[in-house]
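We begin with a single chain expressed as structure tokens, specifically the form predicted alone.
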């Protein structure tokens, strides 16, 4: 009886990779986008990232050691990834004390309150981000202007994101064709020269990171492709129906947190479906909810809310969408 098999919580892996290796591949894949953020946001990107990572790792250590009374597992890299992703969802001029609150909520509420890695039903970084957005809306929507070699932090000049410009302008009855003259061109959006969080800029860098994860088989293509395809098709239909009241699909892909969410956050092992069919349903749901919030919701961006909402459906998808068991009899007719 002393040698009973112990079943650990997800994610379950069989092979040469382990959680630690996978987490550090995610960190490596985020480095191109981080470098772009440092180029355009300077010291702010460095401060926000460092504080977020140190805080998430520190809170996880303290909670595990002194509250849960278990051996800390900060060496697996998951807390560092949460800190990095949280930083990517924050303005690079946000006060340090707000970052600390976000890190505490992400780790303490979003992760450790459910038992730690693999037990959390919601993406911890997004739990922290949404909590801060609701609690501190002014600080969370003050986006620094992208200026190469910026040396300021809290005193940076701020402005609205392209999504906010389009949404506010449309609500005021201004045609999209006129509003497009107020935002950076598509090349600037592609390389990251625009207002936004670290994870909203640098589409090229995020795509490079996604290619790294796909090449290393850290993620599969199903979730990113289903999200991006759904958003592209949905916004394309709306744009085709009324181009003066809706932005085109390329704009929606290059702005906001679509690429960060599709590649790095929706693909989190513990909070995403296990089967390809489940991944497709999950991704399509995220895409639809994102567009609905962007077009008709109160916020200009909806990726974070969409992922968290679909996180809640993952247990159902995993329960009812399963591969056939080996040896299962197939009923004909």
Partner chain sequence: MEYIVIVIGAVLVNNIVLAQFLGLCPLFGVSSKISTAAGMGGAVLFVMTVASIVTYLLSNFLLEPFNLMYLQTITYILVISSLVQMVEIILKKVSPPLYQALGIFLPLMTTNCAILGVAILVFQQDLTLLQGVVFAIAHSIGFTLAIILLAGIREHMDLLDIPKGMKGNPIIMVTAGLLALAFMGFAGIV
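Numbering follows the first chain given and starts at 1. Quick caveat, the model's predicted, so the values are computed rather than measured.
Just so it is clear, the following notes concern the form predicted in complex with its partner chain, a form of the same protein that is not shown.
A.B. asks: Taking 4.5 angstroms as the cut-off for heavy atoms, does residue 131 touch its partner chain in the predicted bound form?
C.D. replies: Flag for residue 131 set to yes.
A.B. asks: Would residue 221 count as a contact of its partner chain in the predicted bound form, using a 4.5 angstroms cut-off between non-hydrogen atoms?
C.D. replies: Outside the cut-off, so no.
A.B. asks: Would residue 34 sit within 4.5 Å of its partner chain in the predicted bound form, counting heavy atoms only?
C.D. replies: No - in the predicted bound form, heavy atoms of residue 34 and its partner chain never come within 4.5 Å of each other.
A.B. asks: Report whether the minimum heavy atom distance between residue 115 and its partner chain in the predicted bound form is within 4.5 Å.
C.D. replies: So residue 115 counts as contacting its partner chain.
A.B. asks: Quick check on this chain: which one of 68, 43, 27, 50 has a heavy atom within 4.5 Å of its partner chain in the predicted bound form?
C.D. replies: Looking at the other structure, the residue within range turns out to be 68.
A.B. asks: Have a look at 234, 190, 122, 251 for me and say which one sits with a heavy atom within 4.5 Å of its partner chain in the predicted bound form.
C.D. replies: Selected residue: 122.
A.B. asks: So which bits of 297 to 321 sit within 4.5 Å of its partner chain in the predicted bound form, heavy atoms only?
C.D. replies: 297, 298, 299, 305, 308, 309, 312, 313, 315, 316, 319, 320, in sequence order.
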